[in-house]
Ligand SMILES: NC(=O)c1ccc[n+]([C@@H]2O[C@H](COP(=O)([O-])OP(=O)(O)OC[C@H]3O[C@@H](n4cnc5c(N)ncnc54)[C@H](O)[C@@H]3O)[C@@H](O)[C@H]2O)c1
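Quick setup: one chain, the form predicted alone, written in C-alpha cells, and binding and motion questions come after.
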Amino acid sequence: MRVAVTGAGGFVGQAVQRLLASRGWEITGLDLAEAGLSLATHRVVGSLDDPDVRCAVLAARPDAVIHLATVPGGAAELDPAASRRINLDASYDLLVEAAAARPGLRFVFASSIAVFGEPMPAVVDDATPLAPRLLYGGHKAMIEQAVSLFSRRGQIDGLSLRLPGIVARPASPSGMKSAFLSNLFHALRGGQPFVCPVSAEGTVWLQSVACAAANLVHALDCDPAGLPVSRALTLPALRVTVHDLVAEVAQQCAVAPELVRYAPDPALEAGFATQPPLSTPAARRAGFGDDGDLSALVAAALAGLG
C-alpha cells in the first residue's frame, strides 16, 4: 500500500511512519521540515496551504491519506487566520484534490475531542452532539462534515477519528493547551518538581502515542460497512484522574508523587480536566482500542520518550 501522511514529522506522525515502515508500506511524508521524514519513501517539504506542495504529495498516487497536519488548539486561538488557512481551507482543498487524483481512496482525518466543546454532558457517547467552543474544534468539526459529505458522494472512502489526549509529547513547545499532561511525564522522569495546572481530582481521556498510531493505521483498512453514516468515530480512551496518573508515573519513574504541586487554572480545568465517562461502542466494533489500563499507558508513554 502507498500511504501519504501529512504532518508526518510531528509527534504522532513519526509514530505512524514507524508503524507503516514496519509493514513495508510506501510512505509519502509531508512536513514543514525534512528532519522528521527519514522513514518516508518520498519526502515533501513545505506547507499544506501551498497548492504545489499538495500536488507533490498526490503525485506519488497514494492509495490512502492520513491527514495529521494541523495548527494545534492553543496556537489556533492565538492565530485564527493560520487556523483557518491550514485546519480548514487547506484541509478542504486536500480533500478535493485527493478525490480528483484518486477517486474512492481511503482518507483518514485526525480530528479531536475538541469538537465536543465544554462543558461536556454527563456522559459522552456515539450520540453526543458536537458543540465546539475553540476555533480548533470548530474547524475540525467542519472538516469532519466534509469527509462525511465526500464519502456519501463516493468521491473518497473517508473516516474521521477523534483523538483524545496523546502522551507524552516532546518537551518542546507544542501549541497544545493540554501540553501540561506531557510535561508531567518529563518532569517526573527527570525527578524534577512540577506545578500541575489542574486539580488532582480532574479527569482526563488519554492514549499513548503508540496506541494512537495503531488506531490511525488500523483505519486504513477497517471495513467501511461497520462505520456510522457520519464516518466519524470517537476513539476509545482511558479515563483517569490526574491523581492516579501522577501516582503511576511517579511509581514507574521511582520518584515521589509529592514532587507534583497543584495550582489549578479554572480555564484549563474546565477545558481539559473535567472529562466525563466515555462510551465508544462504534469504534470498538470497528476494531479500535485503548491502551488497556493505566499502567500499560504510562509504560508506553515513558518508552516513547526514549
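Throughout, we count residues from 1 along the sequence that is shown. Just so you know, these numbers come straight off a predicted model, no measurement behind them.
Keep in mind that the form predicted in complex with this ligand is missing from the display, and what follows is about it.
With this ligand left out of view, the stretch that reaches within 4.5 Å of it through heavy atoms in the predicted complex is, among 248-256, 234-242, 41-49, 274-282, 41-49. This ligand is not drawn, but in the predicted complex it has a heavy atom within 4.5 Å of residue 169. Put simply, residue 19 is far from this ligand in the predicted complex: not one heavy atom of it is within 4.5 Å. Although the partner is absent here, residue 136 sits close enough that one of its heavy atoms falls within 4.5 Å of this ligand in the predicted complex.
In the predicted complex, at least one heavy atom of residue 111 sits within 4.5 Å of this ligand. This chain lacks the partner; the member of 86, 184, 95, 120 within 4.5 angstroms of this ligand in the predicted complex by a non-hydrogen atom is 86. Only one of 202, 165, 197, 74 lies close to this ligand in the predicted complex, with a heavy atom inside 4.5 Å, and it is 165.
Residues are counted as partner-facing when one of their heavy atoms sits within 4.5 Å of this ligand in the predicted complex; in 4-41 these are 7, 9, 10, 11, 12, 13, 30, 31, 32, in sequence order.
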